[in-house]
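Coming up is one lone chain in structure tokens, specifically the form predicted alone.
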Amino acid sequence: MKKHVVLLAAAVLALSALAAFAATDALVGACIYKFDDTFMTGVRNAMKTQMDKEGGELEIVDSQNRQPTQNDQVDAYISKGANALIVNPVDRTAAQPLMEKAKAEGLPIVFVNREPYEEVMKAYDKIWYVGAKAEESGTQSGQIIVDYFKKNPKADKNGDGKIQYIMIRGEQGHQDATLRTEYSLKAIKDGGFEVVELGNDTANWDKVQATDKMKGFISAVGVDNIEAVLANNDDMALGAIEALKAEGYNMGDPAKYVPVVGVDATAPALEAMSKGELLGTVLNDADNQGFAAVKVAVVAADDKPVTEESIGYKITDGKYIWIPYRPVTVENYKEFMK
């Protein structure tokens, strides 16, 4: 009899363990500001991978860079009975009405990559943000330029002790664009170099726009006068490189090279680094942003506490999951190639 009791107890424990690790049946609805953004494609893929592990259902829609479209998509998910929402907002200023839609239904909502204003984050107890501190990426990209100029004094083409640079910014008013621009220049100055701006414009995170803008800068100031290019993301950095290559630069001749730095460490950027076209970039960890967003959504959808233990990521102020940046240079870029 005692043996049967022991076996029964063991079976109950086993079933309890299985239940603890059982797949969720949550439906999570996700909206991405636009699908053809290279970085957010990485986030989307990571979200799918994580949800496959969780065993729930994840639907992801393309907001096509239109905030009204995204608003309608959130309404559609609510009508469909989604258990949680993940939103990469088209416009961070539109986060409040999206939060209010979720709050009215008691739905957890996780914002990704574009941080809502603080007052929005404080207005609801089931709201979280997953992203990275843009000032880190700016500092690290600026430091890559500093290190290059210290190792290569001839990069100062005119020998004036100053870095004549082009800045290609992301989106007008976008927090990441503002901070990456500000902190990259601050890092260069803190590194002991004066800077002289030769050109500065937005290219909306887009490679083609960046190519056009860079061609305009080259026509205006002359390619031989440009000593560095800083771009707020890799797509724009690669666009700038296309314009430089059209002038015979960054194609292997050390005498015809302009150091270009981006942000994101996308696969195309790493490939460009392997060819010596791109000086460096900064890893914006798409995988962990995607993984963390889904983990938070699933735990919250199951009405469980979102804690460091339950999601596996550190949480700041109970709402923020910050994924650190990492500098990617010629010395370590191979570590990041998949």
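From 1 onward, residues are counted along the sequence shown. What you see is a predicted model, and the numbers here were worked out from it, not measured in a lab.
The same protein also exists as the form predicted together with a small molecule; that form is not shown, yet it is the one meant from here on.
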query: Partner contact for Y33 in the predicted bound form: the small molecule, 4.5 angstroms, heavy atom; finding: yes
query: is_contact(N250, the small molecule) in the predicted bound form, heavy atom dist at most 4.5 Å; finding: no
query: Interface membership of D37, the small molecule in the predicted bound form, 4.5 Å heavy atom rule; finding: yes
query: Contact test in the predicted bound form: S184 vs the small molecule, heavy atoms, 4.5 Å; finding: no
query: All of Q140, K189 and T281 within 4.5 Å of the small molecule in the predicted bound form, heavy atom check; finding: no
query: Position in contact with the small molecule when the complex is considered in the predicted bound form, options K207, K101, H174, K215, heavy atoms within 4.5 Å; finding: H174
query: Interface stretch in the predicted bound form with the small molecule - options 268-276, 60-68, 37-45, 296-304, non-hydrogen atom within 4.5 Å; finding: 37-45
